[in-house]
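In the structure tokens that follow, the same protein chain appears in two forms, which are kept apart as structure 1 and structure 2.
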Structure 1
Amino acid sequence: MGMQMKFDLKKLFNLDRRIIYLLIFLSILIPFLVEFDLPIKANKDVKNIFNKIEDVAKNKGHQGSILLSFDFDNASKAELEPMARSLLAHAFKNNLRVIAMGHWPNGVELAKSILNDLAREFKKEYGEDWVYLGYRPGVSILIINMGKDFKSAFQTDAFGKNTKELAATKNIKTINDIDYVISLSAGSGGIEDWVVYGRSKYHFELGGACTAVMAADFYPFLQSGQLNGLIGGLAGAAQYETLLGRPAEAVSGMRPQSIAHIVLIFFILFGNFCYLIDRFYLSKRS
């Protein structure tokens, strides 16, 4: 009986890897075809960003403003676009003014597309409810100039309109006149630059949103209080969508990712179980 058990386990050890690949493929494909709810609970760092926007809306109303810095491009679109859409929806839903910009020239058209989509959905007027300042070179110098004289940093918006004449920006003298700044970051020219050249010098409220692989790098900024919150990766985006009551791309994307992880964990545990059983029978035989 023991030898038969060992023989069967040996066959499991030599399981055709194509079967594993097939199960992984199905674990990714099926959640795209079948919708189901996952228990998504927002962590403290994501809640802090959500609550800060709620506080600005409560205390300032339509005169409240947030700055979104689109510091990413199409390579990180899958993770950061859902965050951008949720943050914009949250701001527009609460009638906050949105001032958008970006440190990545390759992300300009992507930012325009996202901003236009959400502005149309919430029927927001350009110049009055939102402004897109576009890209300016010189990340560190630009942020420092925004802290000294916002109008000198951005004399015109991305479409050539004078920022002194736009309702959303005419009363902004320095970046401290903006209630909350959030950097959507995929690398250099993102969160770290906002912390070093902006938050550390001018002490404005700063939140971050980044790819999952970068999130751990910014935990020291959270612990020091230089970031008040952080949305990390697709999981963070899904948490924010859940808080907002607006499940969209991130929640949908978490389904295949979660099921695939469960399948992988199962095979890891199963492989270790087979190994231990095999060792047990080897020791019995000796």
Structure 2
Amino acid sequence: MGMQMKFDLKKLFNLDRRIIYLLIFLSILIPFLVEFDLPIKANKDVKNIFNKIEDVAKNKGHQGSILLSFDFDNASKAELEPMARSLLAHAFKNNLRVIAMGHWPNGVELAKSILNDLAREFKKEYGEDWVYLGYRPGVSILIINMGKDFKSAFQTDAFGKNTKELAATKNIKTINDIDYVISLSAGSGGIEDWVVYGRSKYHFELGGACTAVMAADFYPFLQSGQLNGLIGGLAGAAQYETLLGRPAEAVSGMRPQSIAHIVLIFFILFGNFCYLIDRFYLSKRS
């Protein structure tokens, strides 16, 4: 009986990975097709970013500006693009000026297409309402340079226009002239560099948006106040979309993500169940 049980468990242990792949695939596909509502409640870290943008808009109006650093590329587009779109929509809706840049060379085209889409939707004029500075090498050194002399770090924008002649950037001498900086980060050359070389040296307000897998890394910065808020993963993006009253990709992505997490948890528990039963029979036999 015990040997038979053990044999069956061994088969379960070595469950064909194609079955796992199929179940994960279905757990993602079906919730995309079947719509159902989920309660999305924004946490305090997401609310802090939202409220900061509201504050800048209230206090500065069109003279208020935010800097979005697109520190990601296509690999993490699924998580970070919805955040970028929501943040831009929020800034444009409140008539704030947006200055965008990026530390990741592979993210330049992606950032351009997101910025163009949102600018078109909100009928914003390039140079007056938004500017895209593009990529410059250096990361930490570039951030330090932006704190010392913004124009020397970015003499021209991504399209070769002089930043001294663009309305959105002409009055910016250092990064402290920007009201709020948000790094959309997918790894090295992102939030951590902004905290260490930017926020700590020049004391500007900094918010972060990152992939879910990275979010746990940034909690010490939240408690120390070096980050005023954090949007973590697609769930964070969905919370921001809900706060903004503009449900889009992230909110609809919560359905497949929720179901896929449940399937994943089921596999982990099931694997452990098999492991414990197997151990029990092994100890009984010995």
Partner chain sequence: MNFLKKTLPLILAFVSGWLAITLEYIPHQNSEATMASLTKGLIIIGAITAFMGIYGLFSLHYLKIKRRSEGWGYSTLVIAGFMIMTAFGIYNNGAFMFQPQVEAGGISWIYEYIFNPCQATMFSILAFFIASAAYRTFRAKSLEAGILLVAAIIVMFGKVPIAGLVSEHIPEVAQWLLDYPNMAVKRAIFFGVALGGISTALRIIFGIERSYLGGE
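Here, a residue number simply tells you its place in the sequence of structure 1, counted from 1. Take the two forms, find the largest set of C-alpha atoms that superpose within 1.5 Å, and that set is the rigid core. If you're wondering where the values come from, they're calculated on a predicted model, not measured in any experiment.
Structure 2, rather than structure 1, originates from the form predicted in complex with the partner chain. In the core-superposed comparison between the two structures, A248 has its Cα shifted by less than 2 Å. The two forms, fitted on the rigid core, differ between the two structures by 2 Å or more at the CA of H261. Residue displacement note: S27 has its CA displaced by at least 2 Å between the two structures (rigid core superposed).
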